[in-house]
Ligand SMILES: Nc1ncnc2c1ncn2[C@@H]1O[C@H](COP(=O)(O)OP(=O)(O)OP(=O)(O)O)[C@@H](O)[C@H]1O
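Just one chain is shown here, as structure tokens, and it is the form predicted on its own.
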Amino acid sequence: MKKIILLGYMGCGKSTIAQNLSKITNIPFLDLDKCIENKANLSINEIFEQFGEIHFRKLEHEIFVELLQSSENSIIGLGGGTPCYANNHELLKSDDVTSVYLKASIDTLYERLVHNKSKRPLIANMNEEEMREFIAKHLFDRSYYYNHAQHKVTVDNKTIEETVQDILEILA
């Protein structure tokens, strides 16, 4: 059982890259947030609203461990905060795991997120300056955890295809 884990900040391209990688490798893509929603029968927002973040993080950790223990090969896209809680960053180093941090600059993340921020509850109500500051602070706080990934692929100024190719080279 081989697990390819993609992690990074929201907007770095985890889902898009994972879907494309999945098509090329024929390894199924599992979005951790979608797996949580299916198991809880609630949206991520509803879980946060009804039970709070601590409950969500427990659920997230349990389901992440379940996915890692599955006998199926899979590409797992983590939520932006997943590596930062419940020692999930330690799970990125397992023998049967290839973890890849999709590293994006503040400018790249800002440009990608500013156009669809209504779909992102954390930043939906921020103005441009608040949003840039929020991304910068969050990225700084989370980089320690993200950097536990075995590999880093920079996504700035790259097409989806170029990023997927970088990951395929790591997997080769």
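One-based numbering along the sequence shown. Nothing here was measured: the structure is a model prediction, and the numbers come from that model.
Just so you know, the form predicted together with the named molecule exists too; it's not on screen, but the next bit is about it.
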{"query": "Non-hydrogen atom contact Ser43 with the named molecule in the predicted complex at 4.5 angstroms", "finding": "no"}
{"query": "Touches the named molecule in the predicted complex: Ser70 (any heavy atom, 4.5 Å)", "finding": "no"}
{"query": "Contact test in the predicted complex: Arg112 vs the named molecule, heavy atoms, 4.5 Å", "finding": "yes"}
{"query": "In the predicted complex, Gln150 touching the named molecule (heavy atom, 4.5 Å)", "finding": "no"}
{"query": "Interface residues of 105-144 toward the named molecule, as seen in the predicted complex [heavy atoms, 4.5 Å]", "finding": "Arg112, Asn116, Arg120"}
